[in-house]
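Only one chain is given next, in structure tokens, and it is the form predicted on its own.
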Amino acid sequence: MDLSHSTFKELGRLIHRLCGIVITDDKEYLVRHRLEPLVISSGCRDFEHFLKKLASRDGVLLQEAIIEAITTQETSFFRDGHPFEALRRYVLPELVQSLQTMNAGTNRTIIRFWSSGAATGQEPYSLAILICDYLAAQRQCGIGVSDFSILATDISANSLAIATAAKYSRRNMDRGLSPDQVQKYFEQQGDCWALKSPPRQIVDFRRINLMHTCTGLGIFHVILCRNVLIYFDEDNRRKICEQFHAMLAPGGWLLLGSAENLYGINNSFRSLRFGDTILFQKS
């Protein structure tokens, strides 16, 4: 199906307005590949007809479908490995120590994590498993799983439905999980493996568009935004990181993807390297 350059540019502007993703000229094949099935299923004869339909009363529903089609949902359990090792070795001990100090008073505090690009749930569930494993090895610390909470958000309703179900195929299980973790935290249900509590119980899912104001979500001690900012332009990256800074507790941590950094975007964080991982800490 042909896609004229003018229609491609108009679709790119629409996608940017909907979810902040920048569609550069070299992404024409991607747009055609992702949206052509939607063009056909919506009864349109070509992309030009589809663009006109987007301006009609049916446009809102089609816009939701465009978001689902265009967003990338590639993820896996403990993706890249080393960021979770940095969290285990450096961040979690600090958080547990601060929690012990805070809970010595009268007010009980919860350590809050935010996985801001949760996709189908592997990242926040990996984080929950990491916390459970860490606390199991530190039984004397007096801190339990209920002292932690993880908010997991994504723009894709379809991905969040998969994440909330917490059931994964054998292929998903083989990507990042050890046999011990599979045995300890999952149970087989037919052809799928379902995550059990306690890791499942501390993760809460919500649909969030990072282009919108998110400060109402509250204050967090750790925010993960891995392999998300690369899809935004510099202006929106700056706005999102300003929100992250405002939403982090003093001394809180921001974890980005390996190809992402804050240079030239936000200087309110200090960067610290732990092995192959760079963490950004709110001063």
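Only a predicted model underlies this, so the values are computations on that prediction, with no experimental measurement involved. Note that residue numbering follows the sequence shown and begins at 1.
If you look for the form predicted in complex with a small molecule, you will not find it shown, but the lines that follow are about it.
Pick the stretch from 141-149, 112-120, 185-193, 163-171 whose residues have a heavy atom within 4.5 Å of the small molecule in the predicted complex. Only one stretch qualifies here: 112-120.
Would you check whether the small molecule, in the predicted complex, lies within 4.5 angstroms of a non-hydrogen atom from each of D154, R226 and F232? Every residue of the candidate spot has a heavy atom within 4.5 Å of the small molecule in the predicted complex.
According to a 4.5 angstroms non-hydrogen atom cut-off, is N209 in contact with the small molecule in the predicted complex? Yes, contact at 4.5 Å.
Taking any heavy atom pair closer than or equal to 4.5 Å as contact, tell me whether L11 reaches the small molecule in the predicted complex. Taking the distances in the predicted complex, the answer for L11 is no, it never comes within 4.5 Å of the small molecule.
With the partner left out of view, is C19 within 4.5 angstroms of the small molecule in the predicted complex by any non-hydrogen atom? Result yes; C19 sits at the interface with the small molecule in the predicted complex.
Using heavy atoms and a 4.5 Å limit, would one call R200 a contact residue for the small molecule in the predicted complex? Contact with the small molecule, no.
Consider the chain as shown here, without its partner, and state which of Q100, Q73, S178, N158 has a heavy atom within 4.5 Å of the small molecule in the predicted complex. So the residue touching the small molecule in the predicted complex, by this definition, is Q73.
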